[in-house]
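Heads up, what comes next is one protein chain in two forms, each shown on its own as structure tokens, labelled structure 1 and structure 2.
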Structure 1
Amino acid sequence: MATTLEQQAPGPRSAEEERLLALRKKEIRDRWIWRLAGYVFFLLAWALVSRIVGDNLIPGPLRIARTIPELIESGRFFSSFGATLTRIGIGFGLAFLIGIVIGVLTQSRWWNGFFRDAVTISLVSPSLIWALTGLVIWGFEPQGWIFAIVMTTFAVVTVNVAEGIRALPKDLTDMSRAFGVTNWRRQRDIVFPFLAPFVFTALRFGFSVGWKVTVLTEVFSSNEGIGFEMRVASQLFRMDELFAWAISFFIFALVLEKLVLQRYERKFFRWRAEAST
């Protein structure tokens, strides 16, 4: 489909097309100019506020840009990132698996009824209560923070997978049932391939919630990691370090979420959009 479009010889453009093209170019250029203006405005506003209230209370962008290399030099930077990423890997990995299993189970109305309230509770409750509950039960043991991450994140994954289940092509499942296809084969050949893009979306959304909880658990129950460093910085009133930790990991997570995951999501499932058109 796409190839036939490309093979069309690019004939001479009409005046109308020329005009539209110029208009679009102008639009894109305008967008970038205004975007840049936004950056300049907000960074300047930030610098101005920090100048007025004092560099120690609200460190300006330049000061933070200087602090990050200092943290890297001190050697704590990468070890903290490593510690936090390990926690995310374990905690969120588990939450992701549990979320998918529950999501797939919602095909059955019985399991759907069973987990319905669990998912609702997990969605509406703040991560703080799970962090503190896990901690007060298990202390600094890994179960504590794993519990917190799982309880906060699994529902996000489940909801996205369940949305895939809801959109499952009913004629296919009905037909497989009518022809007596076994449940396992139906899951493997119809449900799982169909769910793949939803699982990817679930991964992205789950990650965006999961890393925040992880950092929060580190504040209460860790002696390393980004959350721990942020707490120490705030207790020592080192605002520049607090901001440097926050912003560096924030940017890292955002890049991972928006650029890497979103891009791969599009790349892997491009065929799906084409097939549906």
Structure 2
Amino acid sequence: MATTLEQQAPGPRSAEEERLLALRKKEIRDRWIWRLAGYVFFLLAWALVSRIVGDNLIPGPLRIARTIPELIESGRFFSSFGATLTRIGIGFGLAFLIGIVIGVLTQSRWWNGFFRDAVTISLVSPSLIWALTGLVIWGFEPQGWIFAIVMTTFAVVTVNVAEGIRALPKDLTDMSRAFGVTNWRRQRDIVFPFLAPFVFTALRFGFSVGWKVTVLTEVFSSNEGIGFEMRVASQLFRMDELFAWAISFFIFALVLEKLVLQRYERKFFRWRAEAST
């Protein structure tokens, strides 16, 4: 038993390991210091501009900090966020699936030529065009914002997946064909694992675009949601509420990026760190 415990006990770190550990801690500490310094600078600049321009036109940070709890207590905060998240969940979910399918189909030069111009048009078209088109055709019906979100975001997903297809090593696909690997197995064991980083990139950028389009469509063609609340606040010149909705929008986006997307990305690609050690 004593021998087993002695074997399991970690030995003392070498001088090089201690040096690398100290450098790593310093790097993390410096990163957080500069990040916090950025937030402090932004808040001070915001407070200064608010004082110069006027608190009624540009509410300061303290006023917004009081307004957000008031929105939460009124019940409008969570109901509006829930409506917006439902829209983006449905709209971007469809756009993501469509973009993945089209991106994978671009392995064929025929499908690549078939979808190329449609993807290009979606990329260069302002999202306002699709939002207004959905409003004219469907009015306040759900089909309007689903149409706008899909037409604006599917191309972002498609382009990222198609770039992954073009980066796929040709030797791997040629070898799989030489050994008689079926097309489905080649897609499952070679193509899809290789595309994983590109899919995460498509998810991140596609969701960010879809989130913006969702709020934009709510401004024009909705009677609920964050965009609707921002429109009402601007019409009534309630600048504190307008800024409160915008800041909550930013906070949610940061939380989603840092605590959800980055977390699952690190978890999914954990094998890279293990393989490099």
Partner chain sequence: MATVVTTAPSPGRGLPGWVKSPKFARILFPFVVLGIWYFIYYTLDSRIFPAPQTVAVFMWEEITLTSGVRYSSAAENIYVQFGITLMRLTIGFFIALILGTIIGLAVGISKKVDAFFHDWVMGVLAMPALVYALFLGLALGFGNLGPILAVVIAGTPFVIINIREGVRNTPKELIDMARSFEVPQNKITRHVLLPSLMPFFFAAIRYAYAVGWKGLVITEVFASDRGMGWTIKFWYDAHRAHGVIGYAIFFIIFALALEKLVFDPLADRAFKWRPKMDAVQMAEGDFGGVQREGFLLIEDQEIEEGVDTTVAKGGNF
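Just so we're on the same page, residue numbers count up from 1 along structure 1's sequence. Rigid core (definition): largest C-alpha set, two forms, superposition within 1.5 Å. The structure presented is a predicted model; accordingly, all values stated were derived computationally and were not measured.
Only structure 1 is derived from the form predicted in complex with its partner chain. Assigning each C-alpha to whichever rigid part's superposition fits it better places residue 53 and residue 144 in two different parts between structure 1 and structure 2.
The angle of turn of the smaller rigid part against the larger, between structure 1 and structure 2 and from C-alpha superpositions, comes to 13 degrees.
Relative to the superposed core, residue 33 moves its CA by 6.1 Å between structure 1 and structure 2. After superposition on the rigid core, the Cα atom of residue 180 is displaced by 2.8 Å between structure 1 and structure 2.
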